[in-house]
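The chain below stands alone and is given in structure tokens; this is the form predicted alone.
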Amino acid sequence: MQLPHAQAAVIQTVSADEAQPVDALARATDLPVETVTGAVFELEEQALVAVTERVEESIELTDEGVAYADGDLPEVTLYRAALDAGADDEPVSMGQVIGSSGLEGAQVDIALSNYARKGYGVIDSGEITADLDADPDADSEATALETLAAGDGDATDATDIDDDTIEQLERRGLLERSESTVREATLTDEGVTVLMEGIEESQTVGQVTPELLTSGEWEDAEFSAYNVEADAERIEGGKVHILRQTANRVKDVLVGMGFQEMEGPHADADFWINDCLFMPQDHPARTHWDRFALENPTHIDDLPEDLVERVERAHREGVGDDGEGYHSPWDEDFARALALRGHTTSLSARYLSGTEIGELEPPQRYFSVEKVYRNDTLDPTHLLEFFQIEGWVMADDLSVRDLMGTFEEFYAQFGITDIEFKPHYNPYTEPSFELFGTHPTTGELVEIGNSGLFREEMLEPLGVECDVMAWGLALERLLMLMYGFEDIRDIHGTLCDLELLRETEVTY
């Protein structure tokens, strides 16, 4: 019987007594696995080989998982540092404990996000406590990492590890699970008969070449058959992150509503971030617990002197006949201090003051979709850095109805029509209100933004003589309402779920 080279090699190698995996046949024949797979299927169609399939799961620790298996998980390191600092007796400064722990960069975020979850203690308002009854030596995740590291990633070593622990380690990016189809081939009785009668290799052509065409040999050539059912290698191609896709779509929507985009520094003076917004310098949100100050450089050199004077006067004395100001300390050196912006309203202050692109005459509409930074406690709806959709409209005789109508029009572009409003207080807007949307999966109300009409105490120093309505919306919260995500840490950050992002269908 004549067979193509690959089929002939496989049938002469496969056993009639023992099932052999395709990859073993590939090694024995010195042929690519894909070629052997195709040959096995073709021999099966001729009833010369029987093929069986089974699914195998493999577990492999990531580089980060291997490192933690050899040492300690970040939350365990933080717990031991907290104990050394006496946090089992009374709360201790979180900065002090983190400094003594030796944790740096992303490990700090990882430790903080898992510390309370595992019952090691409580983190609140910049202080940390340690539960003396906690036992880091019995940490199920640490034990699982050690077991898997010792077993060199064999899935059979995970049989004694509960599924919740495996899933948590996978969410943290410390291990990767994969399934593969194992195909095994066995020579049939008919195959044995054919093999005993003798096998000859037929000369087949697997690829059409220019030489084959120009010589005319293609007319007499025997072409190899292609098995379109054979497995192909899965390649994960790169694509734009879903958060960036949504940000770009938000920009398109706002441009379509007549807005222009603002740009500005991520690290800025407190003057632009807070003072221009009529935020008192002794406001709790301006302490080192809530802001990320810069170590080098620490202060900005250039600020408009006349604007600084007007802003200081508004803080000290107020604006208008009935204005009183805050009667609280105001220090220009503090106003010049540099920090990562906690909101993109610093861009609004720069543009409204005329220092960024010159004086603006109403009507005007501006927006930005940029990253902001806050020293928040990590949870399913809060990150240390996230994207804010900033926007404002400058015009005469604006009202809350104009603001609410703008939101209804904007969110309707994303299929969200159940926006709810709640009165709120902001130092720089009056009236003010928060926005809420209903989560499509949990049915809970999710805060998605803050808004209002800028106060006279903010606008008068900036030289604005008409109304300005403004808002700051959370891009990640919009994503939660659009796609049903319940934890924004799945979307980006150290615990990002790549498989979730690959499989999520884009919503239009």
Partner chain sequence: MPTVDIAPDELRDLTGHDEKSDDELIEDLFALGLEYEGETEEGEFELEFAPDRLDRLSVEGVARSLRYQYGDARGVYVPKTNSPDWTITVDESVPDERPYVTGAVVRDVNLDEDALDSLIQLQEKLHATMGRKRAKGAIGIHDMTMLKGSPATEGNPSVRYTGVEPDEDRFVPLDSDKDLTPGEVLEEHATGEKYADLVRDNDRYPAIYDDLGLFSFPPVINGRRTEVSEESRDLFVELTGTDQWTIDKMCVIICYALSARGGTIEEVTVEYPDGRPDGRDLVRPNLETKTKTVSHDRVETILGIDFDPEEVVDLAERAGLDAETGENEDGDLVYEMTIPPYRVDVLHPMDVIDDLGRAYGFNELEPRYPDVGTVGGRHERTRLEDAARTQLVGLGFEDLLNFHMINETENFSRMGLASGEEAFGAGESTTIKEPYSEDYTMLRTWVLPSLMMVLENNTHRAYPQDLAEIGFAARVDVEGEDEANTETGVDESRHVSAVLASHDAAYEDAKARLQALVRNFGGELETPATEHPTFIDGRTAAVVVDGEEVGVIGEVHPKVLVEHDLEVPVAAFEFDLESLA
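Residue numbers count along the first chain shown, from 1. Every value quoted in this text rests on a predicted model; they were computed, and no experiment measured them.
The same protein also has a form predicted together with the partner chain, omitted here; what follows describes it.
- None of the heavy atoms of T193 is located within 4.5 Å of the partner chain in the predicted bound form.
- Using a 4.5 angstroms threshold between heavy atoms, A221 stays clear of the partner chain in the predicted bound form.
- Shown alone here, E44 lies farther than 4.5 Å from the partner chain in the predicted bound form, counting heavy atoms only.
- Under a 4.5 angstroms non-hydrogen atom cutoff, the partner chain in the predicted bound form lacks G354 among its neighbouring residues.
- The single contact residue among A267, I416, L112, L360, judged by any heavy atom lying within 4.5 Å of the partner chain in the predicted bound form, is A267.
- Contact with the partner chain in the predicted bound form, judged by any heavy atom within 4.5 Å, is made by just one of E229, E90, E295, D163: E295.
- Figure note: of the listed segments 165-173, 248-256, 99-107, 210-218, the one touching the partner chain in the predicted bound form, with heavy atoms no more than 4.5 Å away, is 248-256.
- Residues from 448-463 that approach the partner chain in the predicted bound form with a non-hydrogen atom closer than or equal to 4.5 Å are L453, R455, E456, E457, in the order they occur in the chain.
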